[in-house]
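Only one chain is shown below, in structure tokens, and it's the form predicted alone.
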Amino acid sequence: MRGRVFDLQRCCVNDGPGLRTTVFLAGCPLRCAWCHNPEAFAGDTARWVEAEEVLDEVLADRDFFEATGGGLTVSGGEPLLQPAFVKEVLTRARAEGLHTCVQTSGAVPRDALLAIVGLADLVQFDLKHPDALTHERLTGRRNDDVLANAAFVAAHAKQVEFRVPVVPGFTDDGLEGTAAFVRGLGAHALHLLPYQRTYLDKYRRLGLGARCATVEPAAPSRLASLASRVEAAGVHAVLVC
């Protein structure tokens, strides 16, 4: 079983509990204006890798996992465009006793979620904007399937964290609506991912134009205000820094 991998990063701290080794898979159905991983869909940066090879690299970090409660995270792009490969990687990881996490945009067929929902200890589900037309303007696709899949994951995953990127002028006006949506699914928290500019060098290297190149990160006072609005909508706001 082989998959297309464009990166593997060690000692990640925001991709699940503890120190994580995160495997980034190529391909994505969305084109988010603020995408931090253009390697997923542009350029010849991915390589075909056997699932066994991935696990061999991940298991080299077992000591870090055991010391911190960490494990393996599969990310992208959108990893569930390669559901059979993700299923194989997660199956092998669980056989080794590793904690497993999958990050997804939810813009995938339901069968892809069915393949992994019982194997992932944690699903980190990214929501972009609650309004369908705004979601299409920001990502290239409406969010009808995303919202339906979010409800499915909330009902069936072992643990789910709903997350939303906080991009000034793009997603911040939808935070209360997103908070109300996840509250309706029974979630108690919404993880806020503040926009950063460190990814822009990737666009320059790939010869691409970044739609958010002139956007500045939200000031701490603005983030605090947005977090308060999320709290007022009935869920706990978790700022991911």
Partner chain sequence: MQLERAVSSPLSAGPAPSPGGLHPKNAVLKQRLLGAEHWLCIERARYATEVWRQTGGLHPSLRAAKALANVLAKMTVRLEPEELLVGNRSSKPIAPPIAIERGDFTFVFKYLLEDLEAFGYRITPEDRRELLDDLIPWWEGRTVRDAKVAALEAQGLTSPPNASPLELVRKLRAFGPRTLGRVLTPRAGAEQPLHRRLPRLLRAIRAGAKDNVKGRGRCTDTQAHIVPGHKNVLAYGFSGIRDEARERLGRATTDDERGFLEAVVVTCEAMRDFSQRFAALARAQAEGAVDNERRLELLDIAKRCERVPWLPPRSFAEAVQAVWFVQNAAIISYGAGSGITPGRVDQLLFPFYEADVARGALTRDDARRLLEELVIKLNDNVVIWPNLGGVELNHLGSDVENITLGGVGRDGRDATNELSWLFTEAIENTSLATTASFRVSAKSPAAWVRRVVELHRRTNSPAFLCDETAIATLMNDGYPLEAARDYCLVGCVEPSGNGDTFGATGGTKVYFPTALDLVFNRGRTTFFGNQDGPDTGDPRAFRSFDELFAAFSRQLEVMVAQVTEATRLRDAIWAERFHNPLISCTIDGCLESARDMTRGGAHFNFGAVGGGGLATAVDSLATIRELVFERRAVSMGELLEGLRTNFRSHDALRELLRAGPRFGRDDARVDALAADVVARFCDLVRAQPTVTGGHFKASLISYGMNVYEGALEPATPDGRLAGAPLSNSMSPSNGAETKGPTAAFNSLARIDQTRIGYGNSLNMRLPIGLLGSDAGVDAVAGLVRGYFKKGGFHVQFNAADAATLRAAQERPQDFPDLIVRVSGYSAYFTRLGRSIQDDLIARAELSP
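All values reported here derive from a predicted model rather than from experimental measurement. Positions refer to the first chain, counted from 1.
One more form of this protein exists, namely the form predicted in complex with the partner chain; it is left out here, but the text below deals with it.
Mapping the unseen interface onto this chain, Asp173 falls outside it, with no heavy atom inside 4.5 Å of the partner chain in the predicted complex. The partner chain in the predicted complex comes within 4.5 Å of a heavy atom belonging to Asp61. For Met1, no non-hydrogen atom is located within 4.5 Å of the partner chain in the predicted complex, even though that partner is not displayed. In the predicted complex, the partner chain sits beyond 4.5 Å of every heavy atom of Ala180. Although the partner chain is not shown here, in the predicted complex the stretch 64 to 88 places heavy atoms of Phe64, Glu66, Ala67, Thr68 within 4.5 Å of it, in sequence order.
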